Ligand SMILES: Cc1cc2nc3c(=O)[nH]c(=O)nc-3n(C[C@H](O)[C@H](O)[C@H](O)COP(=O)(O)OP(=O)(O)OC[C@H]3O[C@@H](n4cnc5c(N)ncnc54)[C@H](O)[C@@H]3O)c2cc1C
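Okay, here we've got a single chain as structure tokens, the form predicted alone, with questions on binding and movement later.
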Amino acid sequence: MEQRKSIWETDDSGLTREGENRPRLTDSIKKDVIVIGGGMAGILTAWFLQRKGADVAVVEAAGVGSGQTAHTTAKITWQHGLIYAWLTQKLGPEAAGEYARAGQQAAEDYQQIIQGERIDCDFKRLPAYLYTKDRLGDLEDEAMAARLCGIDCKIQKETELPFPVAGALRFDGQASFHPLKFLRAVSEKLEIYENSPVLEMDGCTVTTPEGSAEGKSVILASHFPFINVPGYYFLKTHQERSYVLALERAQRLRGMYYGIDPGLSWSMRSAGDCLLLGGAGHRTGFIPKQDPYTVLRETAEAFWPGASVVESWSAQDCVAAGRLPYIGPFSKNTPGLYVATGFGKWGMVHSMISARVLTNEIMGTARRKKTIFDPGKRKLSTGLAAILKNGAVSTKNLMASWAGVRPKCPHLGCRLHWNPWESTWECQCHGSRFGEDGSLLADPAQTKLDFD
């Protein structure tokens, strides 16, 4: 099956135009910083570092913006589900406040870059809402915690949604944009090598099929870290699938919406003449009984009869144990190596936060105080249940592989599961995905699937 493309990829404003392909890495280069990954996090980090005077090169396995950035719903928001009540309870109000300020600053950073560079990327400020049909108490707790973090928010009963809700928590000042138009603009003046997958790492030297790159610092911004030890991110993160329809002749929404109820956690926002409806998610490799695209189409027909599907696509989110992304030094035993991963469903804001945090860390402007995103600062207890679950899933699939079940993932050898809805092989352990022909679609695997 041909891989589905998002509306960002099919509106003739994509990243690569005829004659503009970036070169492969075919030489041995030395830089101040090597960034692995040409998505939003990697490109923004390289952009900030270069503006601070660093000599930077980006090494990308495929094309700039061709991974998860191309499949986002492109919400720039610091409203991340029921996050502030959870953070306040688990880590305290100070940590919750730091998280809120980082998200707010990220939105301001996007606006300043877009205005300063005069980037035409459909950037728009608008409100975002968390809505519920039967969890009003949880929504009220979230509103209280958010206000303690300095967020101006309110619960309202009436919305523009095509169904009644018990309440919707409104955050003003959020934003939406066209991610590939933005990424194209900020990547123009960067040194980028495409179609150059990193196959090996030795300290701060990375090796690709045709070349190598050595840096004083190396940043892993490749969505899911492919280095297993040290760091152990394969235990501290897992990956989830989500699905999106772009609908014509549907409702034009003035805000962005995200549901918190099981079975009603639809994501909605307008994008040009289309309405984006997202949801029907599941952990990668745990194949749903019903086609997620059918679920979304039935939902769209119920909400907006007569709407038609323009495009449909899926995304993959790397979810951190303990809900906070990992941004900072990779581990205490890998000097010069940094990581940005575990963004969950909020990759646009966490990408900008990563760019700021890592630039400050590498350029020496924020070493006096660690952030809440620092992997070395994270308490094991805040994500222990998720870590244990990840370990159990890996053990089950590794044992099946050892017993002879095939095919198996080239990452760590877990058995793979066939997803008939997308014609892909998927790994429950760590989220690697492969096409029907064995082609590599998603990391942390670095090579294609061998059926022998």
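Heads up: residue numbers just count along the shown sequence, starting at 1. Every value quoted in this text rests on a predicted model; they were computed, and no experiment measured them.
The following text describes the form predicted together with the named molecule, which does not appear among the structures shown.
Taking 226, 266, 129, 373 one by one, only a single residue has any non-hydrogen atom within 4.5 Å of the named molecule in the model of the complex, and it is 226.
This chain is drawn without the named molecule; in the model of the complex, the residue among 62, 54, 393, 400 with a heavy atom within 4.5 Å of it is 62.
In the model of the complex, none of the heavy atoms of residue 135 sits within 4.5 Å of a heavy atom of the named molecule.
Among residues of the shown chain, residue 219 is not one whose heavy atoms approach the named molecule to within 4.5 Å in the model of the complex. Using a 4.5 angstroms limit between non-hydrogen atoms, residue 419 is distant from the named molecule in the model of the complex. Mapping the unseen interface onto this chain, residue 346 counts among the residues with a heavy atom inside 4.5 Å of the named molecule in the model of the complex. Looking at 139-147, 117-125, 315-323, 247-255, the stretch with residues near the named molecule in the model of the complex, meaning non-hydrogen atoms within 4.5 angstroms, turns out to be 315-323.
Contacts between stretch 71-100 and the named molecule, counted in the model of the complex as any heavy atom lying within 4.5 Å, involve 71, 72, 73, 74, 75, listed in sequence order.
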